[in-house]
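One chain comes next, on its own, written as structure tokens: the form predicted on its own.
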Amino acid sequence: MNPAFEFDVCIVGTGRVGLPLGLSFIDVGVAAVGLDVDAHLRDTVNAGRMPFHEPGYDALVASRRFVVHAEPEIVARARAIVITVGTPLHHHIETDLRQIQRVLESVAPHLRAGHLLCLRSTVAPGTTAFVKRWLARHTRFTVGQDLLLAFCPERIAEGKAYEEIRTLPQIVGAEDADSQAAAAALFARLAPEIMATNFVSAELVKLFNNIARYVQFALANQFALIADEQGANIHEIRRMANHNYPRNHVAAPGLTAGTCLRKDFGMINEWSPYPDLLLSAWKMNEYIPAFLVQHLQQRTPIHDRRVAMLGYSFKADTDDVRDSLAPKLYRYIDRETPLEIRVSDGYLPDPVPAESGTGPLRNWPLDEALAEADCVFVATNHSQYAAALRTLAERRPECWVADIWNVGGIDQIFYQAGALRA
């Protein structure tokens, strides 16, 4: 007879999705434990510190009630196993399941009758069904009888995990009643509402949420290109278009990236050979770094000038550089052979981590990065940049700024810093 489970849940992969989830479970009295292969992450969490920026969790991690382990044997002691590892694309439009497969291989010897296995990472349609087939082939258990399986997608926005884990409805995809009930009972400890469905519908919910935002931002970016080519101001047009108008809200343009948006279109396009709106959205969003460089050059030369690049993470007020478009912007600027490019991001260490073939780069203090700048590219809309640009306006009013995020607040993408004094 199997001994009783010691923990309610083990989170496999305690990164930006798994760690907030594990700490949130601890916060509501669920006995949670973690498993991760990253030694630095384990040491940081187990010492009571957050390994990345996510507001609301400092006190919880400092309590040291959530412990991250290195050995997969820990899963045998937990009733539920929630997998939150990365699910990237290969270089081509093809889902990369290697991280999920490595997790399955490591935990399979430690699975017990009665275990609930939940996938939580964003996955392509059919991934949970693949996991079910894998378990049938490589273990002695049958899903729906002595082993339970569900897909329970994470839908939080980075930087808002503490609030949204507790306020967003939880989708639970399962193919049998026991799996559905067990997963619903686990996440009901956190979520205000449980919505039951099958594997593939739950997988598509998460993809549709992300892709809808990605396409919306692509349209906003295309509007920005059209406006600039026509000598018009996208921010002014957008403000008028949205003012007291009840339909068709126009989103703001920006560098649309991050692991939750930039790759998800591929998880659906993998199974379609035809050109479509999703691929067009990808092309538009990926073009924005080149647009910023090309159109600033229509106003001022970059060659032999000193350039400041503000921000390197993919999103405001976070330290997450995964799938950021900032490295791509850096490379396009560098092609114009400026005298110097000074990258500054107060959320990242010095040097800036190497990513996508760019770096490591010196992370300049913000004041120093702007001190002698001839051109400034606002790559990320971190909150501290508005004040920095106002200071720039006083000290270097002739400096040109590419500000697609409208951080300066004057409804222009390209302007000289002195315009901020008006």
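The structure displayed is predicted, hence computed values, not measured ones. Just count from 1 along the sequence shown to find any residue number.
The next section is about a form of this same protein that is not shown, the form predicted in complex with a small molecule.
**Student:** Spot the stretch among 257-265, 326-334, 171-179, 130-138 with residues whose non-hydrogen atoms come within 4.5 Å of the small molecule in the predicted complex.
**Tutor:** That would be 257-265.
**Student:** Indicate whether Val12 is a 4.5 Å heavy atom neighbour of the small molecule in the predicted complex.
**Tutor:** Answer yes; at least one heavy atom of Val12 falls within 4.5 Å of the small molecule in the predicted complex.
**Student:** Verify the contact flag for Leu41: yes if a non-hydrogen atom of it lies within 4.5 Å of a non-hydrogen atom of the small molecule in the predicted complex, no if not.
**Tutor:** Contact check for Leu41: yes, within 4.5 Å of the small molecule in the predicted complex.
**Student:** At 4.5 Å between heavy atoms, is Asp228 in contact with the small molecule in the predicted complex?
**Tutor:** Contact check for Asp228: no, nothing within 4.5 Å of the small molecule in the predicted complex.
**Student:** Is Leu148 one of the residues lying within 4.5 Å of the small molecule in the predicted complex, judged by heavy atom distances?
**Tutor:** So Leu148 does not count as contacting the small molecule.
**Student:** Would the small molecule in the predicted complex be within 4.5 angstroms of a non-hydrogen atom of every residue among Pro289, Asp403 and Arg421?
**Tutor:** No: none of Pro289, Asp403 and Arg421 comes within 4.5 Å of the small molecule in the predicted complex.
**Student:** Consider the chain as shown here, without its partner, and state which of Val343, Val103, Ala124, Ala202 has a heavy atom within 4.5 Å of the small molecule in the predicted complex.
**Tutor:** Selected residue: Val103.
**Student:** Which one, Arg322, Arg238, Arg306, Arg79, lies within 4.5 Å of the small molecule in the predicted complex by heavy atoms?
**Tutor:** Exactly one listed residue reaches within 4.5 Å, namely Arg322.
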